[in-house]
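One chain comes next, on its own, written out as structure tokens in the form predicted alone.
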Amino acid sequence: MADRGKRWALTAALVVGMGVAAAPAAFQMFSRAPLGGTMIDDFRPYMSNEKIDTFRGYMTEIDAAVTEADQLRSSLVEGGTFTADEYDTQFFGVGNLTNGWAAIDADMTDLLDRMDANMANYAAVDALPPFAMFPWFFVIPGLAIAVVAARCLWSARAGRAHRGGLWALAGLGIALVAAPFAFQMFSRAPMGAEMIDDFRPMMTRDRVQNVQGHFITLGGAEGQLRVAVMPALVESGGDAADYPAITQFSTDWPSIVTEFNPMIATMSDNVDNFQAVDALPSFSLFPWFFVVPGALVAGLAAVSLRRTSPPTSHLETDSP
């Protein structure tokens, strides 16, 4: 009966090991995890307080320029340089910006707020081992557990000593339990889950295309302000110095594009990568994917050890 219970415990440990080894295939981790690593690497240049502050500074600058563009329209129309219809038709690009700025500002501010709020979460995920290694953290210990359990089971059925194998099995279980603590996964993984949740609304194809459209609107307006509207102001006797924010916007536009475009391109390039990571189980569950099977294996090994008597060496004698 004891042997049957021991074999049952070893069989269960074998099944647990095979399950751990198979988990990456079940969750498509071999294809999805490396994509997550690529996303983390690509976002690294933009996940800093300095970079977000730079972006916010440009948004404030554009907001001031939009306010002045409204004032400039009123000045040119009221001064008789253009009728309202003439201005709106000739400078439709500027109108697109002034009319749509509230939505653009809200959209871009939300994006920057999400990035800003997740600095610590990003740093926690970035401190984890490389994503491409994650599947192997399951496969290697899972196979090791399965192999050791199978050998112990074979030895038990053959009546051979296998306590050393059982101790190795217990050690593998304990190591699996210890892994999340070694990598601080209980603190870092939930932060990763929070970041994924916060990034979900911004990492969609439609959202990225909208952001790209914002910069088409901004570029069209800047070009018309610089090439046509401001010269019309000067020709009508106005002073460009009265509109310093517009002048600053045009001066800084190449820098604004240089700063924002790579980030938007990074978002676009990583939509599929984000969706691959989002399709994985929640990051918050990952520590338990190690702890639960590890504790089971260690416990099953302990059960088998209790049912396995150490070899003894003594002479049997007949009773007198």
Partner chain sequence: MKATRSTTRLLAGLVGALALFAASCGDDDKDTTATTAPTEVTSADTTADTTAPDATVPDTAAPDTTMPDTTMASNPFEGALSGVFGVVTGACADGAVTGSYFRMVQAGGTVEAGPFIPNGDSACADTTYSLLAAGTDGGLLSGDWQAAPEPAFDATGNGLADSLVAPVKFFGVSFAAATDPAEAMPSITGADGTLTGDLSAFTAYYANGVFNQGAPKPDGSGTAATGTIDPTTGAFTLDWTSLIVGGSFDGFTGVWHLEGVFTPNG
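Predicted model, so just to flag it, every value in this text is computed and none were measured. Residue numbers count along the first chain shown, from 1.
Quick note: we don't show the form predicted in complex with the partner chain, though the next part is all about it.
When contacts are defined as a non-hydrogen atom within 4.5 Å, none of G165, A168 and G171 contacts the partner chain in the predicted bound form. Contact with the partner chain in the predicted bound form, judged by any heavy atom within 4.5 Å, is made by just one of G219, G100, P190, G238: G219.
Shown without its partner, this chain lists R226, R207, R114, R73 as candidates; in the predicted bound form, only R226 has a non-hydrogen atom within 4.5 angstroms of the partner chain. Within 4.5 Å of any heavy atom of the partner chain in the predicted bound form lies no heavy atom of P281. Of the heavy atoms in F82, none are within 4.5 Å of the partner chain in the predicted bound form. At a distance threshold of 4.5 angstroms between non-hydrogen atoms, T60 is out of contact with the partner chain in the predicted bound form. Put simply, W253 is close to the partner chain in the predicted bound form: some heavy atom of it is within 4.5 Å. Checking 195-203, 208-216, 120-128, 134-142 against the partner chain in the predicted bound form, the stretch whose residues place heavy atoms within 4.5 Å of it is 208-216.
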